[in-house]
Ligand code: NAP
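Only one chain is included here, represented as structure tokens and corresponding to the form predicted alone.
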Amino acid sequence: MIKTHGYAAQSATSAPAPFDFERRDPGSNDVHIAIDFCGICHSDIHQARNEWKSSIYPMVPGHEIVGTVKQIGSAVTKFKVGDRAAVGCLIDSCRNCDSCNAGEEQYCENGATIWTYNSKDKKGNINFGGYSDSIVTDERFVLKMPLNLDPAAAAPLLCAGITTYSPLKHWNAGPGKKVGIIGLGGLGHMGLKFSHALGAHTVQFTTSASKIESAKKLGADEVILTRESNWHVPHAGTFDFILDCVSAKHDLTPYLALLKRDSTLCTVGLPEEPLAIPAFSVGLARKSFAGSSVGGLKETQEMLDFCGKHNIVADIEMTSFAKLDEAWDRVLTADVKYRFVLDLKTLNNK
């Protein structure tokens, strides 16, 4: 067994604290990775605080993992010791259903998607995530990170990146399409970068005039302020696709009015309260309201390769376990542009 040091929440009301545990020794198909960087995702906080009512303790969060291969199993072919490697939101699935065979393991039809943390493996053991100094994962669920990307700034691609890239690709964002991005935070700034790089005419929606210049620097062709009443009227029926990245309660009706016939608004945000969809706002022009999760392994690797080609990474602020409480508080108040990343390279003098 591999002695591992990390930070864990022991209950919904306790802050993450030092936690020592053991990883399994690498099997024939496993890759042992020394974690260099791990992004902080808002879902880490939701789950540590049991806000989704499905938490398993002790919980070591973290699913935006970039590190260096320390050891490989005898059957591993994609990696060698010293390679840069990455682990995202999922580390196993049934591997046999139609979704898994299509590379869409996140939608495993047997309900056997095994998440990087706050889940149990096939033997019933709790999975511990990337707020730790190492991880052991089956080669099939380990990703290659382009070497030209800053590994710290690339870490959030493993969740925020793929969460926004996947729906943009699925709904064919690209040249000749007008795409809207709702929200300019951890998810929204990645959606904006991807939509721009895919060639779509990209419009950022924001309630804050102070974000106009930031949005334009990130790739927005237009920025629409949404504070005034009837702000949407001049833009009605002009959008091919809208990606909603907001995780707070908000009114979708004006955004649905922006869609063309047969177009889609997709949410990747996770508001605690249900979103209301008035029937007339979708029925009169055959519009669709949809959702999307993270991507499977094939699409996540495609996304990373796309980022390498276009030099896309997240805008980040580095932090450490010593400042974790402060970082979480600032995530909750949207006081970061736009993702925190934990520096684990010095953990345990590694």
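Between two forms, the rigid core is defined as the largest C-alpha subset superposing within 1.5 Å. Residue positions are given as counts along the sequence shown, with the first one as 1. Predicted model, so just to flag it, every value in this text is computed and none were measured.
If you look for the form predicted in complex with the ligand, you will not find it shown, but the lines that follow are about it.
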query: 260, 211, 169, 235 - the one with a heavy atom within 4.5 Å of the ligand in the predicted bound form; finding: 211
query: Interface residue in the predicted bound form among 269, 219, 151, 73, criterion: non-hydrogen atom within 4.5 angstroms of the ligand; finding: 269
query: The ligand contact at residue 183 in the predicted bound form, heavy atom, 4.5 Å; finding: yes
query: Partner contact for residue 327 in the predicted bound form: the ligand, 4.5 angstroms, heavy atom; finding: no
query: Exercise: residue 177 in contact with the ligand in the predicted bound form, heavy atom 4.5 Å; finding: no
query: Interface membership of residue 292, the ligand in the predicted bound form, 4.5 Å heavy atom rule; finding: yes
query: Stretch from 301 to 309, 36 to 44, 315 to 323, 282 to 290 whose residues place a heavy atom within 4.5 Å of the ligand in the predicted bound form; finding: 36 to 44
query: Heavy atom contacts to the ligand in the predicted bound form at 4.5 Å, residues of 240 to 256 in sequence order; finding: 245, 246, 247, 248, 249, 250
query: Core-aligned CA displacement of residue 208 at least 2 Å between this form and the one not shown; finding: yes
